[in-house]
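Okay, so here's just one chain, in structure tokens, the form predicted alone.
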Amino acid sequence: MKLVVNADIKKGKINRNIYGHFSEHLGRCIYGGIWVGEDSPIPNIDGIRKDVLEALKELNIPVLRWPGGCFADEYHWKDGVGPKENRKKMINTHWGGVVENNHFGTHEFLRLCELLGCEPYICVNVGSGTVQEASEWIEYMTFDGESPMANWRRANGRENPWKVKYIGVGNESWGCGGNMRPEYYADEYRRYQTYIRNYGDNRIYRIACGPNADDYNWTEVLMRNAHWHMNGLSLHYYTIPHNWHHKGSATIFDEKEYFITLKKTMYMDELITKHSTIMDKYDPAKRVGLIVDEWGTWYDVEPGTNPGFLYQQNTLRDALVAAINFAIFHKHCDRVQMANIAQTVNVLQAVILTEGAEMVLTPTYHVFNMFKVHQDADYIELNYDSPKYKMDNEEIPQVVATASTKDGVLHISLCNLDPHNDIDVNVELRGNQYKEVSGTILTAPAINSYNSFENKNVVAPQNFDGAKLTNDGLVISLPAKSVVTVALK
């Protein structure tokens, strides 16, 4: 296969926030996954798990979305501040009916973001909340002057306001966030965003609730009625092999199901293209970002676990799903300004799984680590025509590739989706000369190989020596079912 890299043709900036994460009060994502409390025997910093913190820091995690998800539209932030012993308990009606003690609230989340060095992205309650509640939350977090909320923040131990840039106005308002029609939500959005104020030099990037997958009418109505009031519009799309009632197993699947999963992941490209076309009509300057703040694989829960906790394992298949999505987000970097995988720890396509004091990094984690070189880099034009990987009467490209340049280094990331056949990629490098090449590969014995608490490194990155510089460019020997990132200097 031939691949032409025009290293001098920059097609746009890959926003580092495309590598964002999502942490909802759901199952063991927050409690047990991120938060163990100050008194826990598990090593922690201010109640936040140290091992998870260090693993996420390694990814240069740029932005973290919280507190949901469906949970956001039943979360009342005032119950989660002040002395922990006085905080109200609540029932998490969406996710397993468990009692939530509200020990992880605004201060704890913003402390987590400080420790990670990432931007907080907070979703306010539109479904069961009030405009006043949302407005006061912004004031509590970001106002430096004399006011009831700012004074309450100081009384709760935080003198200086936080910087909070990203605010989502409701979540899935078409579904669990209120079952609203787009016309109704557009008006509610306009009302709410009026009271989400900029205090001091804190400048808020307002994100409206966008469509569920291919609901193009929602995007049309929101852009027509409210685009000048928003900075971003969200999009949710999950890769589900079968259907909502029977999603399929995370670890027990055949090649047909593997193929279907990858094919459904590629639908993200069509979704972004079509929603972007509608957005272009109202916003030709591309001022409004498309924010893919929920994406990833969704399977049936692991047998024997609480069905409301959405706990699933994570295989080499998921690593390939992540890499395909990143390539799609890069391609649309003119419009896609953030993406948040669902979810960070112990939920859906998590990058980390925990069990008591134990922690394991998933194949998806390793793809994030291999692709972090693309954060804030210049997207480079690639030309290639991949052979097809075929199954029954369907086909998808065998190879997915993407490239970027930053600080004089060219990074090319490739996936070989075919589980049986290696492929040689002949790379023609235009526009620059390179003297050295290095690389990293992620692959495993089987498409359903995964990392368990007993065996944590079944799917782990290795040095890749299958890339060789030649007089004509570069030859990359790409093994079957693998993800590779090469660096050229």
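Throughout, we count residues from 1 along the sequence that is shown. In this text the structure is predicted, and so the values were computed from the model without any measurement.
We do not show the form predicted in complex with a small molecule, though everything after this point is about it.
Trainee: Using a 4.5 angstroms cut-off on non-hydrogen atoms, would residue 172 count as touching the small molecule in the predicted bound form?
Mentor: Taking the distances in the predicted bound form, the answer for residue 172 is yes, it comes within 4.5 Å of the small molecule.
Trainee: I'd like to know whether residue 236 contacts the small molecule in the predicted bound form, with contact meaning heavy atoms within 4.5 angstroms.
Mentor: Contact check for residue 236: yes, within 4.5 Å of the small molecule in the predicted bound form.
Trainee: Applying a 4.5 Å heavy atom distance criterion, does residue 219 contact the small molecule in the predicted bound form?
Mentor: Residue 219: no contact with the small molecule in the predicted bound form.
Trainee: Residue 69 versus the small molecule, in the predicted bound form: is there a non-hydrogen atom within 4.5 Å?
Mentor: Contact check for residue 69: yes, within 4.5 Å of the small molecule in the predicted bound form.
Trainee: Have a look at 276 to 284, 97 to 105, 343 to 351, 319 to 327 and name the one stretch with heavy atoms inside 4.5 Å of the small molecule in the predicted bound form.
Mentor: After filtering at 4.5 Å, what remains is 343 to 351.
Trainee: Which residue, 310, 403, 112, 291, is the contact with the small molecule in the predicted bound form, using a 4.5 Å heavy atom cutoff?
Mentor: Going through each option in turn, the one that passes is 310.
Trainee: Scan 427, 34, 442, 26 and let me know which has any heavy atom within 4.5 Å of the small molecule in the predicted bound form.
Mentor: Contact with the small molecule in the predicted bound form is made by 26 alone.
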